[in-house]
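A single chain, nothing else alongside it, follows as C-alpha cells in the form predicted alone.
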C-alpha cells in the first residue's frame, strides 16, 4: 500500500487566513479544519498537519520571523515530505527569499502562498492557491520531490522564491518573476518546467542521498535600500550614507545599472566603500539586470567599488546582504558571498 505524502502547513497570518463570521466581521480562519472547509483537499490523498504561528500583518515581518520559520521547518523536516507557508502578500517575496538563503541541503519543497481576497469571501483566490500549493508540495516522481526548493505559488504559476516580486496591489496575479521562467504553470494539469528547477545530479535515478537540513541564521539589519532619482541631492545622499552603524547599501539604479557621474556622487560612494560598507547595485526596473561595464555611468560605479547585483530582485539582494553581513565580520567574505549565486538568485 502506497504511503500518502505528509505536508505541514505553517500559517503566519495574512489575508488568506481571514473569514467572515455570522456578523460579517473578518476573523481568523481555522486551518485545522481544512478538510472540512475544503472537501477537495481529501482528493489529494495527502496527510496534512498545521502549525499556527502568532498571526501578524506581513508589514510587521522582521528577520525574527524568518528565523522562526526556518527552524520550524528544520525541526519538522524529517517528518514531512513538503511544507506550505501561508503568508501575507506584501512582504512574502522578502520572507521567501530569506529562507532560500538560510537553508543548506534543502531537498524538499517549501511552497509559499497567500491570497489577495480573504479565504472566507466567495470570490477568494486563496482556495485555489492553497489547494494547488499543497499538491505541488506533495508532488513526487520516483519517490523524489519534483520541486525541491523554496518557491512561491500564486494564481496559476509557481516561481523560484528569490526571483519574485509583488507587482500589483489589486490583481489576482499579484506576483511575477521577470528574470526567470516559472517552475510550473497550472491549468487543467500542473506542467512542471523541470529544466528550470534545481536538481542535484542523479535526483530521480535514486543516486542522491540527502544530508541533514542545516539553517544559517543571524541577520544584520544595518542596511539601507537607496533608490536613485533625478535631482537627488548631495546632502540627501550624504545623510543616508552617514547613518551610524551602516554596513550595507542596496543601490537601486537606472536601467542597466546607471547612476549620476557627478564628482560629488562618485566621491561619496568611494568614501562609503572605503569605510568598509558593502554597496550592491541592482536595477530599479521590474525586469532585467545591471551590466556595469556597458555604459560610462556604470563603469564609474564599478571603479568606485560598487558590486554588481546582476539580475537580482531588490528583495533577494537585501535579504542576502543582511544574512552575509550577519555571518561575516570580514568584508572580503561578504563580497565573495554576494558575488556567488547561492540559490539561483541570479544568472541563467
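Positions refer to the first chain, counted from 1. Nothing here was measured: the structure is a model prediction, and the numbers come from that model.
We do not show the form predicted in complex with aspartic acid (ASP), though everything after this point is about it.
A residue is said to contact a partner when one of its heavy atoms sits within 4.5 Å of a partner heavy atom; residue 324 fails this definition for aspartic acid (ASP) in the model of the complex, lying far away. When aspartic acid (ASP) is considered in the model of the complex, residue 90 lines it closely, a heavy atom lying within 4.5 Å.
Using a 4.5 Å cutoff between non-hydrogen atoms, residue 116 counts as a contact of aspartic acid (ASP) in the model of the complex. A residue is said to contact a partner when one of its heavy atoms sits within 4.5 Å of a partner heavy atom; residue 58 meets this definition for aspartic acid (ASP) in the model of the complex.
Heavy atoms within 4.5 Å of aspartic acid (ASP) in the model of the complex are found in exactly one of 108-116, 233-241, 198-206, 137-145, that being 108-116.
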